[in-house]
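A single chain, nothing else alongside it, follows as structure tokens in the form predicted alone.
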């Protein structure tokens, strides 16, 4: 099924909803189409296209609910999926946290759809990959990478009259380069709504430079160091923190936002005053959906302002429980930066470590958000404002909350993607003091 326009999606959802005999019913529709290329050892290994549309029906009888999903759209299938959802709802136990569906609301149009990205062809992807492979060959490296573009739409309609629709385009590119001896590695990742912003040639040049300059790494003693985290490395650390911006987890004593003795830390100075984190679906460099799955409009929201906790996510149920207004989950996250370039952050460092990327990150302690993980794809020792030599990878034990209390400087914010979640953020490079490394790793 092709990407449905707003009127087409609404007509299909109304057709499905007409079959409902439940007390309440919500129907959602999501579709995507696109394609991808995967390559390794400087040659394309696989390529494919994606075309998928899924319809989901949730029926409610009192506090009981049931959900059924299909990907076929003839009249019999549409009626059958509603019946199945109702059958499941009658069998389900009551949900003590049930909240009624929301009624009609006005949602602003998002800026997430770019026609040029929707028009990407297999040739477009092949040309982008060819540029990447050529860079790797010229640098006498082997490249492994992935490029994928998607055009998608989503829509919801419920029996209370709420309707929302959104369409989106996205293109993601990741590249790893290694030398033939297996002693040097580099990485780059890019993700945009707009294909015109993707430059696979320059991204691969960055990865190639990392790979060639990281060969011959030296061992240093683990300990506390001033570090400069490039945006990709910072994103991997902070993404774990962003997931913890939830009021219920905090109020129930299960997160780093929990207040000793009960409650949460809204209003407290939790981080350095250089730290400001917010969400804004209308930000031109990181456009996002303007509504969420529960039918709430999304607007610009401050989470951390100059180090002070301003908001946490409140679900509809938890907001009612606490007597406050719901605060919906954000559709994007942005951290303000400074004016310095990465090179200027390096020049300002007497002794420290430049970290290109982190990986294999695991949670050690939820209440302090202590994480452990490893550096990779280019780690370098800095002395007297210059990169002196590559160093062996290191294991770290550090909390992003403590890390953001030790901020010395922030660079210019840039768009960065986490390949763990394939989600993009606006994150600056950051200079952090007393970052804890606990051991060496021989892995490249």
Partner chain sequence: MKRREFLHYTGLGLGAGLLSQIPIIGKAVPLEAPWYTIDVAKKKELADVALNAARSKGATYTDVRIGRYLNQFVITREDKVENVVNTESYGIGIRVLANGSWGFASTDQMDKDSIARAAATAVAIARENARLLTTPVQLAPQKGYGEVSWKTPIEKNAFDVPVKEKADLLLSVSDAAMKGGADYVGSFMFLVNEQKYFASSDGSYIDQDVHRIWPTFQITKIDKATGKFETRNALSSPRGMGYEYLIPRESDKIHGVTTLYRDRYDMLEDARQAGTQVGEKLKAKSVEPGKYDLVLDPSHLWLTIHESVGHPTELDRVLGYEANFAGTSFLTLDKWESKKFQFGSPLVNIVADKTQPGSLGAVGYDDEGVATQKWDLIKNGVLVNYQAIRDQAHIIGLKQSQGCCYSQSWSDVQFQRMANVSLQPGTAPLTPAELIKNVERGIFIAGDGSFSIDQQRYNFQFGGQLFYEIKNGQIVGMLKDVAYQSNTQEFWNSCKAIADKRDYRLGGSFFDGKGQPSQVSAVSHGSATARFNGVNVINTARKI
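Just so you know, these numbers come straight off a predicted model, no measurement behind them. Numbering follows the first chain given and starts at 1.
Keep in mind the form predicted in complex with the partner chain is missing from the figure; the text below concerns it.
Checked against the partner chain in the predicted complex, the residues 140, 348, 367, 341 give one hit for a heavy atom within 4.5 Å, which is 367. Between the partner chain and the residues 213, 372, 301, 202, the one pair within 4.5 Å by heavy atoms in the predicted complex involves 372. Exactly one of the stretches 348-356, 191-199, 127-135, 156-164 approaches the partner chain in the predicted complex with heavy atoms within 4.5 Å, and it is 127-135.
Site residues 71, 253 and 360 are all in contact with the partner chain in the predicted complex, judged by any heavy atom within 4.5 Å. Interface residue remark: residue 321 is not counted as part of the site for the partner chain in the predicted complex, having no heavy atom within 4.5 Å. Mapping the unseen interface onto this chain, residue 87 counts among the residues with a heavy atom inside 4.5 Å of the partner chain in the predicted complex. In the predicted complex, the partner chain sits within 4.5 Å of a heavy atom of residue 442.
Residue 19 falls outside the set of residues with a heavy atom inside 4.5 Å of the partner chain in the predicted complex. Contacts with the partner chain in the predicted complex, taken as any heavy atom within 4.5 Å, map within 233-266 to 242, 243, 244, 245, 246, 248, 252, 253, 254, 255, 256, 260, 261, 265.
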